[in-house]
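Alright, two takes on the same chain below, each alone as structure tokens: structure 1 and structure 2.
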Structure 1
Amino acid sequence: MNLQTLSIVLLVISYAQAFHYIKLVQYVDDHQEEYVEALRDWVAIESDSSNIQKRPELHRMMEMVAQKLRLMGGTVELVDIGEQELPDGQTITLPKVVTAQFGSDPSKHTVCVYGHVDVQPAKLEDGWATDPYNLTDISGNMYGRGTSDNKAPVLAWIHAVKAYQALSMVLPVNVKFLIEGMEETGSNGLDAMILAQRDTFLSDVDYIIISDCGWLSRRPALTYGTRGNCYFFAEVEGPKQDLHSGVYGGAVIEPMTDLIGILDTLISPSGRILIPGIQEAVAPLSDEEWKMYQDIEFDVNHFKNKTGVNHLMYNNKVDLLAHRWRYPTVSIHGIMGAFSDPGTKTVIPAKVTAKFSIRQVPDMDPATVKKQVTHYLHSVFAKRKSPNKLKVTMVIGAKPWLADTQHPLYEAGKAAIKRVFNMEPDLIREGGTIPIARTFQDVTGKSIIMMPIGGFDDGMHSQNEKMSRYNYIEGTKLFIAYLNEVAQITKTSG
């Protein structure tokens, strides 16, 4: 075939693809209501993984996912990942992980879409304007727990595959699904499962796609980094049981006073981390990064208004984004064992445990952070000469994740976004942690892309979580386009 013939062939392929895309888009637009109803069905299930009372709902949720994928003709498995140990020593069955496969053409790339269908807790009385488990459309926003995080994105991926099938189009890549039900409480059992299936289900996977995040503005985004998280328990123990503050106040050094004292040495009033060695380990902000951040579409004022604070820690875009994405932070989440109910109990708590976490960034290392924090708190505590005992434990040590935005996977993402939204995406990072990304990367050695379709104001983990109909439907088109783009990546660049 000479060069001219080749050009014509490529042109025909290109037209054929363009044609396919238009038909697929039309199909998606025609089936919007069906997609919304599918989301309604899923939102109605209170698949709260943190509440063991809801575990039957969670099992039902996983079964529904599996059934949906089975009806599409996929090779579906419900993978038993064992049991969860509860704080009281009892065990409870973990929700099975759903794996599915569509297509197994060895000449094609194979992508694996990771998602989750468990949700954060939600109660109407938490401040929801609508029943969190009854999908409610208000002006094009579909409110409900788990809409954006992560049920709608999972459904969008399923619908993307289904659209190809419905139009009898061959999938441009083989598509696998790996859908779990414990993401919101730490993906219990998933690490082991990924490790166990490295040479089976995951063996032929070229790329992993995660859509468990959101845009930064109204501009579509690709996410290339997440912070890690080192979660600490600092326990101060004194008397052998809780004491009456009238009877014992003035006689004992109270554990709560000690705990407050050491917690107060973690962070300066302006938010600077005071633990020696932490800030020093952080990779310096490069000029390219500065430039990249500067170009990102992000409305500082809108962000400020959304949080409702009087002023943010930084009032310029670059500093603010940098401190959310690529600098560490310490957050003190709360204290267990002290009096936290309404009312006026006069107790001297005998054992109090502070929960705080440090978001990890390159080039911090969780093992080092563990040593730094433990050593620092013990040294601060020693100076108090307290009769009480301090125990510091790191209960989570999740590394940060960072991708190369020049990788073909990201180039394909940019092209897909260009096609659907006719604009360049923002390249963004997540301040939060998606530990499974790092696990996938470490275990499979394969590249990962995070392709969000959630809106910047979806309120994941908050009251009134929503997914806009626009993001849901256009997101489905994006996934369709992306499968096409991934197919164009030359087989060697995986």
Structure 2
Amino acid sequence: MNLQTLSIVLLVISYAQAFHYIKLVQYVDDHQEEYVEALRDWVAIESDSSNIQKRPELHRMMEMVAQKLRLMGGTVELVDIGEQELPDGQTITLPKVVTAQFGSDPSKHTVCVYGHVDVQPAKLEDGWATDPYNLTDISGNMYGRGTSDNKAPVLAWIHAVKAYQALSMVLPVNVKFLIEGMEETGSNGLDAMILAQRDTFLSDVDYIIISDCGWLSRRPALTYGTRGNCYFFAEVEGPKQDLHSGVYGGAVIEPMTDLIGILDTLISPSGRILIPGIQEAVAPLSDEEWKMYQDIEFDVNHFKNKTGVNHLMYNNKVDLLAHRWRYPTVSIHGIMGAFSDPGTKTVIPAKVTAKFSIRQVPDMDPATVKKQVTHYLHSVFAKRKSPNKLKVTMVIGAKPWLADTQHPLYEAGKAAIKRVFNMEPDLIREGGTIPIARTFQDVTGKSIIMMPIGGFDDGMHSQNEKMSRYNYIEGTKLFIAYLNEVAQITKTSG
């Protein structure tokens, strides 16, 4: 074949691909209202995983997901992941995990899309402007609990596959779904299920895609890292019962004073963690990272105003983003046992427990952090020479996750975003923790990408959560384009 003939063939192939993409985009545009109604039906289900009274709704939600995938001809299973033990010792059935498969061509890549359809609690009286379980469209924003986190992204992936089917186009890759219903409360039972499915459902998966996150600004983004979370209880116990401060104040060494004293040694006013070994484990910011942060679209003043503070810890974009994403931090969340009701109460609590967490980053290990924190607090407490007792417990030890932005998965993501949005994406991290990413990585050894379609102002977990119609519809097109781009990755580069 001569050069001229080859060029013509390549041009025809390119034209055919472009033509198919245009047809798929047109199909999505023609079915916008159908997609919105599907989201309306899903939002109407109060799938709050934290409320056991809503557990029947959660089971119904999982059945609805399974049925939607069955109607598309997928090989669907509802996987039993056991029971959840409640604080009173009773048990309750966990919602089943939905798995589905579309295509099994061994010559193609296989991707697994992870998502969840449980939601955070929401009540109108919490400060919502609309009924949180009745999808309400206001000026192109669709308000409702779970819209952005994570029902619309899950639906967008399902609709992306369905668009190929509806136009009788062969999927460019095999697609699997793994949809759970307990993400908002810690994904009970999912780690064990993934381990159990490693050599069956997940055995032929090449890549894992997670869309449980959001953009940083109006510019589309690809997420390549999340921080981990080590969550601690620090309990100080003194007298055998609460005491009257007028009678006993000045006569006893108070547990609350001890607790506040040791908490004050965790972090400096400038934000530096004072626990030996924590800061030292963090890799320094490289020149390449600095350049990456410098190019990200982010308005520091807008962030400050949205947060509602007069002063941020850092005033320039690079430092602020770096300390949100790739440096650890200590946050003190509350004190259990302390008086917190309205009014006054002159009590000396007999036992108080502080709750605090350390968001950890790569090169930090939860087991090591546990030892460092426990040893440090006990050494600080010993210097107080208090007769009270200190107990330190780590109750969560979720690891951070970091991907290689040079991996072909990310190159494919850039190409898909360029095609749909006609711009380059921001490459970002999440300051929070998405433990399932690290679980997938550790158990399967597969490469992972986070591809968000949620907006920077969606208000996930907050009142008036929303998903814009634009992000929902264009996000569906992005997923369609991405499947095609992943198909172009050579088998040797996966």
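Whichever C-alpha set is largest while still superposing within 1.5 Å between the two forms counts as the rigid core. For residue numbers, the reference is structure 1: its sequence is counted from 1. Worth saying up front: this structure is predicted, and the values here are computed from it rather than measured.
Participant: Kindly point out the structure, among the two, that is the form predicted together with another copy of the chain.
Facilitator: Only structure 1 fits here, because that chain is the form predicted together with another copy of the chain.
Participant: Verify the C-alpha shift of residue 215 between structures 1 and 2: is it 2 Å or more after superposing the core?
Facilitator: Residue 215: C-alpha displaced by less than 2 Å between structures 1 and 2.
Participant: Just checking, between structures 1 and 2 and with the core aligned, does residue 124 shift 2 Å or more at the CA?
Facilitator: Stays below the 2 Å threshold, so no.
Participant: Compare the position of the CA of residue 246 between structures 1 and 2 after a rigid core fit and state whether the shift reaches 2 Å.
Facilitator: Shift of 2 Å or more: yes.
Participant: Rigid core superposed, residue 336 Cα shift between structures 1 and 2 in Å?
Facilitator: So the C-alpha of this residue moves 3.0 Å.
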